[in-house]
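First comes one chain, alone, set out as structure tokens in the form predicted on its own.
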């Protein structure tokens, strides 16, 4: 996706060979026009599927997932990283390790919002090692839902997450796939 790649090059900050900061448009401040375009692109890429729910994780996955939900007319469900008193024990949950934050979170989704009748598309902001996606896949499996694929805004293709998911036969569509962040420069796969 050309506009996303341009935004990454113009506004992204390479903090190391493995860390890209994109908080000016995706992770802290949101560029709504870009998110609308991202939602439309995911809708186009998965137009061959019937999607009944969009599943993501808080917080940076919510904006692109919501825009997709708006385009296709499907509800968006997000996994919470902290349990709410209103959720109690009526949840599907999974443990997710964040390499960026160096912590493990238990994510959860109310059992009221996912069922075996659902065709789920998972959306997330970044794919590196694939831990967040694995947690969301686990939750969908617990619900008996059918996962039709994974949409990723930015994939770090030099890390194993995307490769491992694809080897499992999971359809992964990434809008920008980064080949390297070496020498402070972003280089994309074609």
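Worth saying up front: this structure is predicted, and the values here are computed from it rather than measured. Positions refer to the first chain, counted from 1.
Quick note: we don't show the form predicted in complex with another copy of the chain, though the next part is all about it.
- Using a 4.5 Å cutoff between non-hydrogen atoms, residue 60 counts as a contact of another copy of the chain in the predicted bound form.
- Another copy of the chain is not drawn, but in the predicted bound form it has no heavy atom within 4.5 Å of residue 116.
- Looking at residue 95, you'd find every heavy atom of it more than 4.5 angstroms from another copy of the chain in the predicted bound form.
- Put simply, residue 69 is close to another copy of the chain in the predicted bound form: some heavy atom of it is within 4.5 Å.
- Proximity to another copy of the chain in the predicted bound form, taken as heavy atoms within 4.5 Å, picks out 31 to 39 from the listed stretches 157 to 165, 126 to 134, 144 to 152, 31 to 39.
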